[in-house]
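Below sits a lone chain in structure tokens, taken as the form predicted on its own.
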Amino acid sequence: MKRSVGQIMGRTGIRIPLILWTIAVLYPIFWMFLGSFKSNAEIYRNPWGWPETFNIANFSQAWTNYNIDVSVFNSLLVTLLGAVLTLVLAIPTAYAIERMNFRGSKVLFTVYISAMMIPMVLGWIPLFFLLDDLNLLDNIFGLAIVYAVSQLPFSIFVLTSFMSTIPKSLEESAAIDGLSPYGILFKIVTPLSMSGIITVTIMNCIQFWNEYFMALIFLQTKTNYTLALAIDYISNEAQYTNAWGTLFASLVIAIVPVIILYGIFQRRIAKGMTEGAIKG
């Protein structure tokens, strides 16, 4: 079927801005990757060109001299703890709101949804004093708790959308067979909601891994720095030491796991978010 000139022009008009936007987004990342393999002298001499040799000295320096290894471990720990704690809190809450008709369930769900509209920055000062009172300030576990609580509204919103489509007859049959409410939740509802759980977990992990401001406020010692804070420290140091190659290398270390994770689960994330929106 031949396309008309108008259709061709329309498709071209849509694709050109997308191509330009893709170049604008990918080129700085590509330039950062190249810079991570250059020496400082080479960065100043030829900032936009290919490196003469792909040298990994910048990665070694960032890993050892700037304690990126400790920061990677801290980020990994707080990300995993935050993601697991979010699921522990969100799955039973979403099930209770969706399936148990108790007084105030709709109001509670509305409160959770409304919390998604409230800027998290409004709670930073009260959280600071609360963590200080609980001796969780400058503590990885305290930061993980804050992360989990901050993502609860989003997680509950997505999970209730998935749980609402599970036939109640399955739960009724399980109850007749003698399963307790917790057994129904963990043996029937949770496996059938696995697509939504995986989507929520991946989105939360990416959010926790990249988070900067709450880590900056609630963490104070370098040994507890997450990767975002370590990179900020290197960035400040680079203004005086000109260690731009080391900074680029640390940025590569930070974004590669996110790119890999999103690349592997891209279709599942898109599918999960679409199904959750349609089912909700």
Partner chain sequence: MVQSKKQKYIFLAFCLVPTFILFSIFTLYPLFSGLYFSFFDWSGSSSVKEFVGFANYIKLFKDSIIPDTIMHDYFLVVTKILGIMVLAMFFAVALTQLKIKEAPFYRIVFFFPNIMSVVVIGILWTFIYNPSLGLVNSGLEFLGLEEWAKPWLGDEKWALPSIVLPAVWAGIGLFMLMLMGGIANISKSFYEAAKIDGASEWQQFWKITLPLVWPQVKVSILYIVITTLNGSFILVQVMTGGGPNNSTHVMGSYLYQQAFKQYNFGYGATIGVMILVLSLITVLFLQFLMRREKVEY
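Residue numbers count along the first chain shown, from 1. It should be emphasised that the depicted structure is a prediction, and the values quoted were computed from it without experimental measurement. What we label the rigid core is the largest C-alpha set whose atoms superpose within 1.5 Å from one form to the other.
Separately, the form predicted together with the partner chain exists; it is not shown, and the next lines address it.
In the predicted bound form, the partner chain lies within 4.5 Å of some heavy atom of Asn210. Though the partner is left out of this view, Tyr240 does not reach within 4.5 Å of the partner chain in the predicted bound form, counting heavy atoms only. Using a 4.5 Å cutoff between non-hydrogen atoms, Asn135 does not count as a contact of the partner chain in the predicted bound form. Tyr44 belongs to the set of residues with a heavy atom inside 4.5 Å of the partner chain in the predicted bound form. Each of Leu18, Ile29 and Phe186 comes within 4.5 Å of the partner chain in the predicted bound form, counting any heavy atom. Only one segment in the set 91-99, 74-82, 191-199, 166-174 has residues whose heavy atoms sit within 4.5 Å of the partner chain in the predicted bound form; it is 91-99. Checking Ile140, Cys205, Leu179, Leu131 against the partner chain in the predicted bound form, a heavy atom within 4.5 Å turns up for just one residue: Leu131. Taking a 4.5 Å heavy atom cutoff to the partner chain in the predicted bound form, the contacting residues in 108-141 are Leu108, Val111, Tyr112, Ala115, Met117, Ile118, Pro119, Met120, Val121, Leu122, Gly123, Trp124, Ile125, Pro126, Leu127, Phe128, Phe129, Leu130, Leu131, Leu134. Annotation: Cα of Ile19 displaced by at least 2 Å between this form and the one not shown, core superposition.
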